[in-house]
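Shown here is one chain on its own, the form predicted on its own, set out as structure tokens.
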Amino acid sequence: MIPSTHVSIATRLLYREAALLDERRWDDWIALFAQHCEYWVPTWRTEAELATDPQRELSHIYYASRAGLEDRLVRIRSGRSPATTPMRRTAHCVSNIELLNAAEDRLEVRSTWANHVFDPHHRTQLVLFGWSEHRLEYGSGGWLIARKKIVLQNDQLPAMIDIYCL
């Protein structure tokens, strides 16, 4: 049986990540990620099959390390990114958090989500939904996200999306 403390740790971390994205607290958000983290939003090969290799197949978003996420934040903050000008407003709703596997220093978590996005430029609203897998690792600085895979269920997108929309 998985200890309830592990479930609580995972739940708090996922809720915190969502709140930091909604509040645009980029420095606090990036601090949740390990230096060696992988951040991946695969595409669908077919209606029933996801891409399985970000090195060989198209992805909506893929960063092999935290450095890629940090670079994205530089562009978001610059105000020169077409995907973020003007900045979309988001509300992340995380639910159905399930601890799949636990070790002393590693947790595997699956959750579902629905994110509400308002685009002030086009005055439109969008609901993105799907599920995510997180691998959390414990190190000297506490629990960090070592891998995040985001499966976007409604990927027929009417507009560009960015990391803070997912």
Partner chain sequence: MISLAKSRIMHAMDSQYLATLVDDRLAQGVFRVHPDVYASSELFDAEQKHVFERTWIFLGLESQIAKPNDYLVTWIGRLPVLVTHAADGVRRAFFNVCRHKGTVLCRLESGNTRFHVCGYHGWAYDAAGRAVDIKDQPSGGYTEAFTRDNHDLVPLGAFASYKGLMFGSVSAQVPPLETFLGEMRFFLDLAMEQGAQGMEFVPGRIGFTYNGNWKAQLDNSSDAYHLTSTHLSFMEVQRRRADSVSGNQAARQFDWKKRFEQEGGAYTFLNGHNVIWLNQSEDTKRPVYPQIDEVRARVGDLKAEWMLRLRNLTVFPSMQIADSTSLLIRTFRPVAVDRTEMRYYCLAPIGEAAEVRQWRLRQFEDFFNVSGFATPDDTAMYEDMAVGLKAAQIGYVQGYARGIGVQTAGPDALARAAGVMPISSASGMFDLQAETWGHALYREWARLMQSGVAGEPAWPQAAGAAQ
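All values reported here derive from a predicted model rather than from experimental measurement. Note that the rigid core is defined as the largest set of C-alphas that superpose within 1.5 Å between two forms. Numbering follows the first chain given and starts at 1.
The same protein also exists as the form predicted in complex with its partner chain; that form is not shown, yet it is the one meant from here on.
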query	finding
Partner-contacting position among 127, 30, 58, 100 - heavy atom within 4.5 Å of its partner chain in the predicted bound form	58
Distance check, residue 45 to its partner chain in the predicted bound form, heavy atom within 4.5 Å	yes
Exercise: residue 7 in contact with its partner chain in the predicted bound form, heavy atom 4.5 Å	no
is_contact(residue 36, its partner chain) in the predicted bound form, heavy atom dist at most 4.5 Å	no
Distance check, residue 95 to its partner chain in the predicted bound form, heavy atom within 4.5 Å	no
Heavy atom contact within 4.5 Å of its partner chain in the predicted bound form, the stretch among 137 to 145, 22 to 30, 36 to 44, 110 to 118	36 to 44
In the predicted bound form: members of 49 to 81 within 4.5 Å of its partner chain, any heavy atom	54, 55, 56, 57, 58, 59, 60, 61, 62, 63, 67, 68, 71, 72, 74, 75, 78, 80, 81
Post core alignment: residue 81 C-alpha displaced by 2 Å or more between the shown form and the other one	yes
